[in-house]
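The data below hold one chain only, encoded as structure tokens and taken in the form predicted alone.
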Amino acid sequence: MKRKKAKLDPIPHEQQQPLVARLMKACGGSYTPEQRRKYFISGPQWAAAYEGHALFHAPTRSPITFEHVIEQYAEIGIGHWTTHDTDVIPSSKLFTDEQDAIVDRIRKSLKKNGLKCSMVTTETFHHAVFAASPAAESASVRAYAAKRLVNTVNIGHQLGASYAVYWPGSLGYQIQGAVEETETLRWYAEGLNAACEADIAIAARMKRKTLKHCMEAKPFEPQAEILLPTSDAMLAFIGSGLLKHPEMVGLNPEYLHELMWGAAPRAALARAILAGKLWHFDINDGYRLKHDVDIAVGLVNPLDWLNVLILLRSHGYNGPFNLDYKPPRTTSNWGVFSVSFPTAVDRFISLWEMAGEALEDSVIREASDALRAGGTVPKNAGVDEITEANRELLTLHELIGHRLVQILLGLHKGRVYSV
């Protein structure tokens, strides 16, 4: 029988926030700020301050200050803050007394709200000076890019950061043949070398550890062809001999960037783990073979995310989880901090804890042990006998997959539906 639709009255503006807040509370499943701070989750300035603008789209939210972002993160229970240099310092104010004043304001705001700056990164993709990338043919552009990288390292040390991230999204070309790729990659390495050399000197002067310099890959955008489109390409670049301090340079994979080109994020992370280069991780969600939609973690691929976190937990990953996503254009300024960030954090925590359950689950453990043990094989067995000896055990692959879905849905704890 078709349900009759009730007549719906418009909801006055002053009643809308209370309605959303009431439904948010009704959802349940949230953690306290104290519980959230136990996890190494970082909130970017750019994610919270994103105004909803994009290609073909005007902004849908009003600008906010870094003080407001830091204050709101503290209330939510996000213990770390990250930023691009020009998220907080206008390009024209870099290298000036105004930069020093802004950095001092940031430091005071972080201290007041009990947050730490975990990572800084340099914008080398938005300003017109980087139209041909930070490794452009012009020596003056490359010198300016290196100066910017060194400046960001200095800011990072002033704010107590431990990581610096580099996204060479504009390292590539629109027109084939316009650049010579090996030359461009050499020039890009010179910028990273300048950052690492400066880091060594600054860290010694300030009696701090050097930063972990992390490269972030992205397969599409903004250039038509990207020179370092994947984490695997960046691993090859780090090992190419172009870097003076390859031991200081690792990876900051982003979940969606690995997914976008049709790859498996978990496999990319596994290769980074084997190389000893998984130092930082940007977390979000999205779709394969699409543009960079930057949806919050777990809203599209929760089962895949569960498997990613099983891998990371099983290998003892203890680096940051950076919330590199865009609150939807449909979310209000108030909703960004009242719904978007709290729910993103809470889904991550739930998935992280589910991953711990999966690692301890007796069904998965016995099935995995049986697969590793293999079947009984006669001495000098041929290929057919080896095949037959393991045939029934291989069915456990599907059983393990089913068990992971049970854990995701709570079925392993007895949740069932009346039918």
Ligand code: GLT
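Position 1 is the first residue in the sequence shown; the rest follow in order. What you see is a predicted model, and the numbers here were worked out from it, not measured in a lab.
What comes next is about the form predicted together with the ligand, which does not appear here.
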With the distance limit set at 4.5 angstroms and only heavy atoms considered, check whether Trp46, Glu216 and Glu254 all reach the ligand in the predicted complex.
yes
Assert contact residue (the ligand, in the predicted complex, non-hydrogen atom within 4.5 Å, options Tyr317, Tyr144, Tyr173, Phe125) equals Phe125
If we test each of Asp292, Glu225, Asp346, Glu197 for a heavy atom within 4.5 Å of the ligand in the predicted complex, the one that passes is Asp292
Discussion item. Check Tyr188 for me: does it contact the ligand in the predicted complex (non-hydrogen atoms, 4.5 angstroms)?
Written reply: no
field: Contact of Ser118 with the ligand in the predicted complex (heavy atom, 4.5 Å)
entry: no
- Counting only non-hydrogen atoms and a 4.5 angstroms cut-off, does His84 reach the ligand in the predicted complex? yes
Next on the checklist: Taking any heavy atom pair closer than or equal to 4.5 Å as contact, tell me whether Asp285 reaches the ligand in the predicted complex.
Outcome noted: no
Within 4.5 Å of the ligand in the predicted complex by heavy atoms, the stretch out of 254 to 262, 89 to 97, 296 to 304, 150 to 158 is 254 to 262
Applying a 4.5 angstroms cut-off on non-hydrogen atoms, the residues of 362 to 381 near the ligand in the predicted complex are none
